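This document starts with one chain, in the form predicted on its own, laid out as structure tokens.
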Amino acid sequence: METKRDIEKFIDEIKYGRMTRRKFARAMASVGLAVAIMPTGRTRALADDSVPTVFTWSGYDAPEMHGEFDKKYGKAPNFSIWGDEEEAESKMRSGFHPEMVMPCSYKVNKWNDLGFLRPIDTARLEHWPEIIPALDNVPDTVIGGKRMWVPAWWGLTSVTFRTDLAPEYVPADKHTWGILWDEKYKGRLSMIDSLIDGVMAAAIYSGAKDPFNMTDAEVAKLKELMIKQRPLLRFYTNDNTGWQQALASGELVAADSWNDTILNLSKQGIPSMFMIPKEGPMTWTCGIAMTAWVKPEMENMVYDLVNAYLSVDTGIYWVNTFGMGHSNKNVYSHLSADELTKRGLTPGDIDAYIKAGHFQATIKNEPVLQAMYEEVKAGI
């Protein structure tokens, strides 16, 4: 929480019951407070030992996400919900051993090094041939020739802006991350408060050859760029709802954001656009991994559960509900061009659309960048 506005919003969301575990954990972490882990939903203590346990984000436990599995076995898997991947990692280090986890691609390498994961045989996945080709080889997910993770959902990180307030950026050839450094809009811009979606976005704009493995000179250039940007920002935030409301009210002209933002603004009739910047958007991919703790008698069920998450029905529910992409290429023929455009997705070549972005990958020099980022925010 960076501002008085953030604190007031945090209190209001608790008051009116809109604060999710994920939001609460992030908010408390932002002021240096840890949260005791008390998983919601069906926990190990109450778990049905005859079905796998999935450790994942809130919302991924909806019945519509795993319908094929429920239909085959007549019951749902167990779920334990994490606040974020750091919380999940800490809990698994402490001895919590689910059968399935759902990290984003940039965590796969680290979790594999920690011994959490085991390879997945895609020949046992009925829906694997339906995966969008561009997602077949996401960086850092095939390790030593073994597939340690399969993609299930994806989206873009880019700029959402108010077309009525910044009309000069409407033409496609004017789309650029540079709007977030435009001094005309001082105090009406925002960045996502994270290394992966905020600092890496700035790194793309800086022209770094590989934003996820920058040289010392590139890091220094990035820091100067972020110092220049800091006084122009209304806030750094991880609150998706907050930046959407600020764009809707006109408090913000442009925001570093995810593609679901445009769906929610368009539903309100807010004149806005999601950019495909000339420097390239950032493509995030999250998916499914099987853990090293799967018992032999549970293995077939885990493969059936992975299959369920990769199905067309799950994908249609996911895109319609969350406004982000699913990895099954056959999902998109079930949605109209208008429905896809409203979600910041393309009615055209989905494979080319994904490839146009910079795939998120493991940040090689994360400690250096984290220290640099904290210095920028502190005004050092």
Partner chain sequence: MVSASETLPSHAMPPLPAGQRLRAWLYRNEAVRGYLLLSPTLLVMVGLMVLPLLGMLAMSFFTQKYVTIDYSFTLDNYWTIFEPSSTPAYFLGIPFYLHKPIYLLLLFKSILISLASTAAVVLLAYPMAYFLAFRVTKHKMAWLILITVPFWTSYLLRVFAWKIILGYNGVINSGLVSLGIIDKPLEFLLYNPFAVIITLAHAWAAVAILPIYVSLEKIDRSLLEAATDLGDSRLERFLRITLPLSLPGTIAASLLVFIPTVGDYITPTLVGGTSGIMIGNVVQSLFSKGNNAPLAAAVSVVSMMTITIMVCIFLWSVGRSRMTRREI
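Since we're looking at a predicted model, the values are computed, not measured. Residue numbers count along the first chain shown, from 1.
Form predicted together with the partner chain: not shown, discussed below.
Partner contact region in the model of the complex: 250-258, out of 128-136, 73-81, 250-258, 276-284, criterion any non-hydrogen atom within 4.5 Å of the partner chain.
Shown alone here, Pro167 lies farther than 4.5 Å from the partner chain in the model of the complex, counting heavy atoms only. Although the partner is absent here, Pro171 sits far enough away that none of its heavy atoms falls within 4.5 Å of the partner chain in the model of the complex. In the model of the complex, the partner chain sits beyond 4.5 Å of every heavy atom of Ile143. Within 4.5 Å of some heavy atom of the partner chain in the model of the complex lies at least one heavy atom of Lys110. Within 4.5 Å of the partner chain in the model of the complex, a heavy atom is found for all three of Arg93, Glu366 and Glu374.
Of the listed positions (Arg147, Arg124, Arg230, Lys221), a single one reaches within 4.5 angstroms of the partner chain by any non-hydrogen atom in the model of the complex, namely Arg230. The single contact residue among Trp153, Tyr236, Phe212, Tyr205, judged by any heavy atom lying within 4.5 Å of the partner chain in the model of the complex, is Tyr236.
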